[in-house]
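One chain comes next, on its own, written out as structure tokens in the form predicted on its own.
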């Protein structure tokens, strides 16, 4: 395996093999891929996957890496988009043992490199994938950084990583599930969009100078970023990654 620093090597196309999977929700599948020659990656980076049809047509899509570096293993979590070209295949039809082309690791700004400073992770919907890679790295390294994770989602049936989020809370992380349309029985927060009051109550005060990572659809990211700076957080310590509608 390459001795390069994880996440620092220039992206290159490699051939990955699906060796396992997990079902997160009925339309979300986590893929466990072995990638010979993989140089490692940093929490928050992503990859491009390329499919080639028999007639030569190619489709390429970007997916966030869902877990920290672990040898030549790359873990992706993919949500099926109804009109997508790539995600329906990856969620429903991509068989164990099959090959796929992968370019990566990609990205060097929306990454967490460790440290003991407070870490605030804010996710909207599928934006939980890269911030979960950061939370898993926090857990796996035994980090002493105070961690708070705020996760906005529509309803309980769209919850990713339920068991691991509960485990993070047991390990001392602050975890808020902010449902926007439907809540599970006994949930003490009414259904509503994530707001500045939630960030103030469940995040960190600006004086703690946390590193803030925000990921989700563009309107969500813009609203959370504005709320954080409105609360007094230093905009230079707020990093965001956004996504919008694509072909899937």
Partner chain sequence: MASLTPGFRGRGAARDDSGRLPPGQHLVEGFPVLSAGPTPRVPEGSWRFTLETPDGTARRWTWREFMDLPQERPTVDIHCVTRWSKYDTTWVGVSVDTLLDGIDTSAKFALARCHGGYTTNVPLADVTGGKAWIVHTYDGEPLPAAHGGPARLLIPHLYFWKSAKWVRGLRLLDRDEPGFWESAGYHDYGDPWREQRYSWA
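Everything quoted here is computed from the prediction, not taken from an experiment. Residue numbers count along the first chain shown, from 1.
There is another form of the same protein, the form predicted in complex with its partner chain; it is not shown, and what comes next is about it.
A.B. asks: Pick the stretch from 153-161, 139-147, 97-105, 115-123 whose residues have a heavy atom within 4.5 Å of its partner chain in the predicted bound form.
C.D. replies: So the stretch in question is 97-105.
A.B. asks: Tell me, out of 222, 198, 34, 27, which residue has a non-hydrogen atom within 4.5 angstroms of its partner chain in the predicted bound form.
C.D. replies: After the contact test, the surviving option is 222.
A.B. asks: Does at least one non-hydrogen atom of residue 174 fall within 4.5 angstroms of its partner chain in the predicted bound form?
C.D. replies: Contact check for residue 174: no, nothing within 4.5 Å of its partner chain in the predicted bound form.
A.B. asks: Answer with yes or no whether residue 72 is in contact with its partner chain in the predicted bound form, where contact means some heavy atom within 4.5 Å.
C.D. replies: Residue 72 lies outside the contact set for its partner chain.
A.B. asks: Any of the heavy atoms of residue 235 lying within 4.5 Å of its partner chain in the predicted bound form?
C.D. replies: Result yes; residue 235 sits at the interface with its partner chain in the predicted bound form.
A.B. asks: Residue 62 versus its partner chain, in the predicted bound form: is there a non-hydrogen atom within 4.5 Å?
C.D. replies: Residue 62: yes, in contact with its partner chain in the predicted bound form.
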